[in-house]
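Listed next as structure tokens is one chain, alone, in the form predicted on its own.
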């Protein structure tokens, strides 16, 4: 049954082809100094940068550029962003890009007025902000993380070989996010499908926990079916607006904390994938894809009821004359076939992981207890070896 919970989401969304028109309306709520956060510069080639800068200038803002945010934002980049923000007394952090830019902006926002080392405070001790938080806004150009409507932030420390996420509270959530599906058209196919699997994994992390069959499970199943349908269309025609808009909307609902309600949630695929990413710096969605099937096959006996339901409700497996295990196995096979059809990487060795990294990756994997089975280190090593 559903337990007790509270739910609040502080982010205002503007969705659709005209959504950027509302940026000016939001900018009026904040001071003059805007830290404009973006990645490798693709937005300068596709015109999005110029469009955003034009709106900022029309609203009388001082623009402080903070480019070069990498796909896995580093602790060094976080320190750099905090320094920029402090020196310019910024009033708003505007992230224009994908989830990495949004994650980075939120990490900077809670660190500007923090007297402590933000890496130690937030990503080692997992403490909550006690200082003033500078507001964040997002203009999304890549979908997958759901970072546009949650308080999550993932930062990589290459020196310590750690990639760590922290889910900050509602005060750190973006105040607004602008979602125009056409802004995602210029993404390379590999990034598009990586984002699609990130979305799917977010849903699974919440779905494969508990056996309550509550409302959250029904919503999760609908989101998964919508994503599977739209992903195959987008793979064939990346500029199909209906498919790309449905994928974008599904990504937001997959991780805006709604479907986690009433669930313990698992997140071990992310812990495994992030540990792989800390060693290889591989694309996030691909690391998740590479560890998912070995992990799910390992825990399936402990949550067989839900894997049977997944097979029947999400993949349409006919249960007649089959054992529960056979039904569940067929569901995971259909998942694997879909992953292959998208061109996802299913082996961590293809992402740069080597046998001599396995022990270190296992040590870097945080063990959580919200899923069907609490893993031992030996089990983590076994799963990683099966992922090779």
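Residue numbers count along the first chain shown, from 1. Small disclaimer: the values here were computed from a predicted structure and weren't measured.
Omitted from view is the form predicted in complex with a small molecule, to which the following refers.
With the partner left out here, the small molecule still marks one of 51 to 59, 36 to 44, 347 to 355, 320 to 328 in the model of the complex; by a 4.5 Å heavy atom cut-off that stretch is 36 to 44. Shown alone here, residue 183 lies within 4.5 Å of the small molecule in the model of the complex, counting heavy atoms only.
Under a 4.5 angstroms non-hydrogen atom cutoff, the small molecule in the model of the complex has residue 274 among its neighbouring residues. Although the partner is absent here, residue 280 lies well away from the small molecule in the model of the complex, with no heavy atom inside 4.5 Å. The small molecule in the model of the complex comes within 4.5 Å of a heavy atom belonging to residue 152.
Contact annotation: of the candidates 141, 111, 252, 206, the single residue with a non-hydrogen atom within 4.5 angstroms of the small molecule in the model of the complex is 141. This chain appears without its partner; in the model of the complex, the one residue of 210, 71, 135, 129 with a heavy atom within 4.5 Å of the small molecule is 71.
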